[in-house]
Each structure stands twice: as structure tokens, then as C-alpha cells.
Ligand SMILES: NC(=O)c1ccc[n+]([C@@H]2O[C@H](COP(=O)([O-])OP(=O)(O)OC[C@H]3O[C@@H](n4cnc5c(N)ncnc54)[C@H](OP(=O)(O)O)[C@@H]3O)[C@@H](O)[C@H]2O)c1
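First comes one chain, alone, set out as C-alpha cells in the form predicted alone.
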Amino acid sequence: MRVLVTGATGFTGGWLARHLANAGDTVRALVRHVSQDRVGRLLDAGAEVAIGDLGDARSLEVACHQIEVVYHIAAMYRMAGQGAAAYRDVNVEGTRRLLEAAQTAGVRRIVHCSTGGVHGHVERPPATEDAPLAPGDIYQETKLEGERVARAWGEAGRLEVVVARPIGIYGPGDTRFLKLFRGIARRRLPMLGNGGVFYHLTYVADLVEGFRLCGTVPAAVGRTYLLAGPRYTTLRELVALIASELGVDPPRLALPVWPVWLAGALCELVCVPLRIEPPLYRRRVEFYTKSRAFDASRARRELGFNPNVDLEDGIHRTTVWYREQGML
């Protein structure tokens, strides 16, 4: 098929564009700047590059020309100093502009990438797609708004729409989890609380195959899918697995949660108005307090989604890549 991938210079979007090209699709990658280093990898994989932006409706119409399926991965992630309006313009209105462009161009299906974070803290693990929705910050709130816009578009019969909620994406090329690996490697990771909350990771190669299935399986139309790895663990177990791969002892010191949470709130209060990245923020503390455990059986049953990179192997591959890049 002829497909468009938004966010193609990002970690997940880049993996997806290359995966689809390797699967035989004709891939067009939406990028904001040709000069970015990652564009070269897209071109090497055989992708075509289209210059555009979610804020530029005309560029989206051009990018969608003669496309059958759009994989909408681009989003504004957490950035210091960005107000709610900036998130809403990209994650909600940008999605709306893309849907309009796709309909105008005659696109058949759009796979909208949301986030498992829309479920917030999972009080009754594992969560299914029908679990309560409790977004915890402006990023998650606007991602939920964006998926609702996309779903409404599909329900109106304008496009085939599939919503995917990926969970804890990691693997070679990712730097979001680098702080965790580096903190453990350097024996500087503070443990807050008892580490008994659940955490769920999904290896990026498994995830992008899940996206491909969302774009190709006929029965996926109108459905929402959690795309999650084979298993979840407690945070304490996850840290121990990473420590074992790194050849170090897991952290032994555990600090109380709430004094650190209050310190994070104070850092945000001072730094965010100045557009400075806070040295500590509440979300980092919530990493230790919110359970994230998911049931991907709907995707397995309806899509044939079969994540096969187990946690130990994925952690090993990620560690190898970090070391090759000189990051650890």
C-alpha cells in the first residue's frame, strides 16, 4: 500500500516508517525539516520524504495525496514551558487538520496513535481498553481529546479510523528511558516507596508490527487497541532486571514518596514559568506511585498481535545500543 507516517523523524515514527518499507509498503514520511539527521535513515530505507507540519493544513493535503493509509504518530510530548494551548494545537487541532486533509485526499484509513497514559493510574490491573480514563497531565489530556476527535470522524463515516494506545515504548533509538538505565548503571537511582507498583514495557519492534496490523486488518475499523508487551512486572522487579543486565546491584535505599513529590511540585512552580526544565518534577515521582499494567488480549484476538520480544531480551538489546552510543 501507499502509506503516510507522521512523526517519522521521532523514535516510534522512524521505526514504523522503516518497518512498513521493509514489509513492502510505499512509505511517505512527513517531516518538518529535511536537514534533520534522521531523514537520511528514512531515505536509506526507501521512504519518500514530504515536508510538512500539523499546523499547516496545505502541507498535510499534499502529504496525503494518493495515500491509502495514514499512521498518525506525531504529537507534542512533554516539553518544559509549553502552555496548554500549544499541546492542544498539535495533539487535538493538528489531528483535526490531518483528518480533514486525509478525507479531502481520499485516504481510506487512519491509524491514530494515542497513549496508554489516558488510563492514568490503573487501580485494578491489568487494564483493558474499557478501563476508566484518568489522564494525569496536559499531554495525556490532549492525547485523549485527539483520539476522541479521530473516533468521532470515523463514526461519522468520513474515514476508517483505528485508535492505538501504545504502552511503555522502549528499545534501540529511545532516550526516554535512558535516565532509568543510566541511574541504575551509576548506582544513583533513588527508589521511592517500596517499588510494588506495576510497570509495563513494549519493545518497539513489536509495537510497530501492531501498528501495521491496525492499518491492514479489516476488522480493526472503529476499534481501540492497547498495544503492550508480553508481560508486566513490579517496578522493583524491572529495576532488578535492568541492574542484572548492567552487572550492578539494584538500589537498596528507599526514600519516602511524598516529601520528594512536594519538592517536585515546588521545582515546577519555579521553573515552568521560566521555561526551564525542572531538575525534579511530579511526574518523575509518579513513576514510583502509579501502576501501569495492561491486557492486550483484544489486539491479540482481533489483530493477531503477538509481541514476541520478552523483557529480558528487550532490556539486553536496549542496553547494547546505549553502550554502542556511549550513553552508559
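Computed from a prediction, not measured in an experiment: that's the story for all the values here. Heads up: residue numbers just count along the shown sequence, starting at 1.
Same protein, other form: the form predicted together with the ligand, not shown, and the subject of what follows.
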Do residue 166 and the ligand come within 4.5 Å of each other in the predicted bound form, heavy atoms counted?
-> yes
Can any non-hydrogen atom of residue 90 be found within 4.5 angstroms of the ligand in the predicted bound form?
-> yes
Any chance residue 77 has a heavy atom within 4.5 Å of the ligand in the predicted bound form?
-> yes
Give a yes or no for residue 101: in the predicted bound form, does one of its heavy atoms lie within 4.5 Å of a heavy atom belonging to the ligand?
-> no
With the ligand left out of view, which of 284, 32, 290, 41 would have a heavy atom within 4.5 Å of it in the predicted bound form?
-> 32
Looking at 53 to 61, 291 to 299, 256 to 264, 270 to 278, which one sits within 4.5 Å of the ligand in the predicted bound form if you count heavy atoms only?
-> 53 to 61
Within 4.5 Å of the ligand in the predicted bound form: residues from 123 to 148 (heavy atom criterion) = 139, 143
